[in-house]
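Here we start with a single chain on its own, the form predicted on its own, put down as structure tokens.
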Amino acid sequence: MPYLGNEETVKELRRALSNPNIQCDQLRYRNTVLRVIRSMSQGVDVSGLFSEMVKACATVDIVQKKLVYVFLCSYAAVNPELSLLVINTLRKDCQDPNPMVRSLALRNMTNLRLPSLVEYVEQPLTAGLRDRAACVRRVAVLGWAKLHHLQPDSEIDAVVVNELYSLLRDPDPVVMVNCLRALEEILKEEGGVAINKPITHHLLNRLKECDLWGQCEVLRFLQRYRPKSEDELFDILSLLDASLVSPHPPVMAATLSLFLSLCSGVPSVSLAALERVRGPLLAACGSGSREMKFAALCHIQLLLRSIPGLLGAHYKRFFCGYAEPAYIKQRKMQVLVELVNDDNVGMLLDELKGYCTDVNPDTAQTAISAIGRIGRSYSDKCLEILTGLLGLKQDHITSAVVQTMRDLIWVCPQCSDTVCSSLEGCEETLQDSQGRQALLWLLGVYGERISSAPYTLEGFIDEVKSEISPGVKMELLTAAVRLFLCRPAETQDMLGRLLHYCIEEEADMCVRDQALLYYRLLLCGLDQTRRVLQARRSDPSLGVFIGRPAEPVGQWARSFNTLEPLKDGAVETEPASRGSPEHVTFDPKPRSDLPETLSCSYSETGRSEDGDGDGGDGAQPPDSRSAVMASSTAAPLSLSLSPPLSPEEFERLWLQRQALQDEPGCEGAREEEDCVWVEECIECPTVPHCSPQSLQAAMQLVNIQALAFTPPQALPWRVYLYTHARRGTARRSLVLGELLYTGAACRLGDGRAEDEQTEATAAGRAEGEDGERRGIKVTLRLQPRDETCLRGFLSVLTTVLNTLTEHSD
């Protein structure tokens, strides 16, 4: 949206443009036009100067013409009637003796993009195709593509199409490439430009004349041609041989893609071509451009699927640099796993061990996962490294190591003794749900070999009421039942307590149903339970197939030199997820909770209510909270921390609220055009006494990021947070929030204590001396405006704070 600016500025520019004294001085006139363009670039609305600028284009000064044409193309859609005034000047310039003026006029005539001017543009474009200057022909060819894009339903004259095909033999290589692009756009509904044998050989013979991107474009179009004989195929390959080892990675990639397309029936030639591009690919991996380096690594992974030993001797080229970004380090580690062999395994493991303590947790977890994959071949060396990492007592490292051990022991059961002996005390360091689930799986499957398994499991059971993740609870149920089958005397009592809680008190239906399943299964007898839960295990004496068979090139040839390898590389090949998921979905429909979510029900009587809202015999939730729940049942709410928000950007957006402080509004809500503000009071006064680590961990479990917070016990206590929220298929909204606790009664924006909520009945709620309820004031800002999404987020945030309150109680 343009910034209107000062009207005096526009008036001053109009007076200057209309001043005869300035018009007579070419330099002053040009500087005045330059001031108009400068004001336009700063956001000032100068559309009122359109007629004056039309007059300014009638000049012999090429610089001034360029400036005026920039203005006219920017405001032509705003002033379609006045745009007719400039057509005569442009058509006149198309006949100027200077080819630069002709090309400039022709380009801007097509850039006006007004359907009403099409009839005036066709004749100059046709004449431009036959112009003696190459720069004019370049513009005219692309001008026909713009004209077709402006009116896609209109038919282009066959004479024009034939003229464009004939220009494929133009002496200027840029005209030739532009003709390919224009014909592809114009003939899109007919399948694009037709590539036959004469055109193919002509393009190949002139390939070296084209610039870098012109060569890539020509090579892409040549993939449509299929040679009629083997001799013709090898003639084409001979012409492409020099481009296959080009020092320019885009040309090399396009040439290899054409090689693979032409040689789909000759696998030996395809493999030979892959061998030849080894040098250019390694050079691309050392490029100074991070994007080029990442793309080269992704395509190297494709090549290794067919030739695993292609780069085995060059494994040191894939060692990570200190200053490299995390996504390149992680991709290099994936390549290193493919290059491991008996000769370099020691050096590779030492290198990966150093990455395990990287400051970036994702990089460290990727390195640990890579060691685990190598451990399928060299289990003893890898287990020694993994066991040593457990001694660091860092939560993200311990979590990744336990998950890696779980995956390793699944395919290499001979490692079970070493893994079981190294798990002592891991539960004290694990913080994330994925790591706890992996540990519980190991305790359940190999509990008879771990002496402390019942005591570790009992610690989890004692804290099950404060456990947030349903996945951990479900894994805990399975582990407890499995351990009961092999150590019943030590496990019977704790299993009974766990089943009683999950059946009678648990609000999550998935956890409750699984507990009922195990309870009824135990009623059928221990033999039946063992048959279900203790299936046959692999023989520890058996090994595992190492590596993977080489894939035919044809399985991935179509995806080479496209974005597909980059998208595939965004996910690890390991089935186990690492850390928090990218998106956590909340679906607070009646009596249905998704895994890894917090229940959005409210506790008003000291116990969890079911999601159906009837509340049993307990007190009903307050009206405002009922409205929150009602507004959040329309569609699932998805929260994400991507893209990240810097503290500086948060401060800039948050301070915009000060401009709204003096505006009147309803209680607790202030709104602007594409933004909504909401203030609520949540009665959980014990949350400010929680440690920052506990608060941040609880927020991150549901993809809410806390940017700043005051120390516990300090007053006033504040927390600033953000997330990205989306409901269903709607657009994503940025949510900014502030939690404020002053120790006094919770007051909203109008200065009055909030008295609209129903009276609290739960024990332990703090009250002021005058009977007013104390709580945390929550201020939320959402942009773009989506009140339903904001209320859904408020429901999630309330659940997190209530859960922390229950834990602290």
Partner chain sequence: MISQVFILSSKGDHLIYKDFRGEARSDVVGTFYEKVTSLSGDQPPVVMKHKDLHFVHVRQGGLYWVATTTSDSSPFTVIEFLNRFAALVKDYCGSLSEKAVHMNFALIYELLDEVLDFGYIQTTSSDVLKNFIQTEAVSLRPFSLFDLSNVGLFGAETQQSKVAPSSAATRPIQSSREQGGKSEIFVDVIERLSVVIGSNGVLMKADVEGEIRVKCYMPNCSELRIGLNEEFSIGKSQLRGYGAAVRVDECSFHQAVRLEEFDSHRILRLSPSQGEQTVMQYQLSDELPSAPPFRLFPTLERDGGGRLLMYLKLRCDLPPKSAAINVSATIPVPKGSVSLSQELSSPDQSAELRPQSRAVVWQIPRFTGGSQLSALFKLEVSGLSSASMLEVGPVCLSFELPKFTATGLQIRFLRLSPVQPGPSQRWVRYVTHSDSYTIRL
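Predicted model only: the values in this text are computed from it and were never measured. Positions refer to the first chain, counted from 1.
As for the form predicted in complex with the partner chain, it is not shown, yet the points below apply to it.
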(message) When the contact criterion is heavy atoms within 4.5 Å, does I37 count as touching the partner chain in the model of the complex?
(response) yes
(message) Given that the partner chain is not shown alongside this chain, does W717 nevertheless sit within 4.5 Å of it in the model of the complex, heavy atom to heavy atom?
(response) no
(request) Answer for R28 alone: is it within 4.5 Å of the partner chain in the model of the complex, judged on heavy atom distances? (result) no
(message) Under a 4.5 Å heavy atom criterion, is E679 part of the interface with the partner chain in the model of the complex?
(response) no
(request) Would you point out which of 460-468, 479-487, 366-374, 289-297 contains residues with a non-hydrogen atom within 4.5 Å of the partner chain in the model of the complex? (result) 289-297
(message) When the partner chain is placed as it is in the model of the complex, are I450, L526 and R785 each within 4.5 Å of it, taking any non-hydrogen atom of the residue?
(response) no
(request) Scan A273, L237, C135, L639 and let me know which has any heavy atom within 4.5 Å of the partner chain in the model of the complex. (result) C135
(request) Could you check which residue among M347, A194, L517, A550 gets a heavy atom within 4.5 Å of the partner chain in the model of the complex? (result) M347
(request) Any residue of 245-266 with a heavy atom within 4.5 Å of the partner chain in the model of the complex counts; write them all down in order. (result) P247, H248, P249, P250, A253
